[in-house]
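First structure 1, then structure 2: two forms of the same chain, each alone, as structure tokens.
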Structure 1
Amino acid sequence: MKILFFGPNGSGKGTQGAIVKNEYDIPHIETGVIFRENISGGTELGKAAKGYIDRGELVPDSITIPMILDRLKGDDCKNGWLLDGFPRNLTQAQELDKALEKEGIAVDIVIDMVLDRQIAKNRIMGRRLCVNDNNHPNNIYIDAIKPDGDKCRVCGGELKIRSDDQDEEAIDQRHSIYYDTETGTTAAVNFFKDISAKKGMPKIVELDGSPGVKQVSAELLSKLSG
């Protein structure tokens, strides 16, 4: 099962990706990890990418896509993979599609987590971290995991706020790229939907990201197995 997973920051995509990884025993591949592995491993692609990163520039697709292809051809990907975080725009989607076709790799499923932009923003800004355990879920904008006042709903511990969760300008910038239907990530999703409409593949799984984690997971696994 070869999956492309799309969803805006704040949608819970990482959580759902981990669930799919465990359910189907396939690697959850994130582009940030691929960069770090190539750079720390001193690969030629990693060295080239590091040069751009050190200059504060975006790594070009001519480097990123070969890195991704190398990862997708790894031994642990023989039974499938879940690619998360790429493509981020329409051009990358087009280039990735060409590269995959050239390698004879077919995407089976595209998961599209759909969530209202304001809700996604609220979820990011509403996150609160328990000082005792960061895995204790607390969010002031989600009723199911709303903190007990200013205390952790799980253990009663003190809560803290991540500064980047409150960087409204950065959040808006990321979301502007994601929700852009002309050239952004949503345009990339629509590119694969158009391919699916014409060829019958990949299968498109649209997922409502607004309910709670368990409900979203149940819907996702049901649609994947259906």
Structure 2
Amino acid sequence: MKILFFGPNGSGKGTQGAIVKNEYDIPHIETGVIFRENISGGTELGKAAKGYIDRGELVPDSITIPMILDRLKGDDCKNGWLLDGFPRNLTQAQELDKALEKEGIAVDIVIDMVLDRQIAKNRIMGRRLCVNDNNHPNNIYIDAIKPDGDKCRVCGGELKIRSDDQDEEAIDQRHSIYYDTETGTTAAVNFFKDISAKKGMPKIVELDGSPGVKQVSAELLSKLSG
């Protein structure tokens, strides 16, 4: 199963992505996580990406597109993948589509999580990252996933704050890219919706990201199986 997962920063996309990954037993490929691992590891890729990430800008396509297309050739991707955070603009969508077509691969499902921009912004500022597992959701502003004091509510691990999560200007910048219907992420979503309208594939799953985590997961799983 090949799945693209779209949703603005703060929509809970990462949390729901982990559920989809388990449902289909496919690798969860998160562009932002790959970049952050490279920054922590002090790699050349990390050094090249850091400034863009801190400002909430996209890392240039010349770095991001080959990085992801290469990742999709990994052995663990033979039975499918869940792409989260890519494509993030129209060019990336077109290049991904072209590369997949060349390999005779089609995207099966596009998940489009919809959330109001202001709600998404508040959620970002409250989120905390578990040092042990990126998929342990913690948010000081969401009761269902409030941390246990200053520790991870799932495993008791230390919690970190992403520097780009507390910078309002960077958040606004990321959202301006996401909600841009001309060349941004919404244009990428619409690119795949147009393909679906023409070819009947991929299946489009629209998901309201505003209810609590459990309700969103239940709706997601029911729509995936329907």
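Structure 1's sequence is the ruler for residue numbers, which start at 1. Note that the rigid core is defined as the largest set of C-alphas that superpose within 1.5 Å between two forms. Predicted model only: the values in this text are computed from it and were never measured.
The second of the two standalone chains is derived from the form predicted together with adenosine monophosphate (AMP). The two forms, fitted on the rigid core, differ between structure 1 and structure 2 by 2 Å or more at the CA of residue 56.
Core-superposed comparison between structure 1 and structure 2: the Cα of residue 184 travels less than 2 Å. Taking the rigid core as fixed, one finds a CA shift for residue 171 smaller than 2 Å between structure 1 and structure 2. Core superposition places the C-alpha of residue 69 3.2 Å apart between structure 1 and structure 2.
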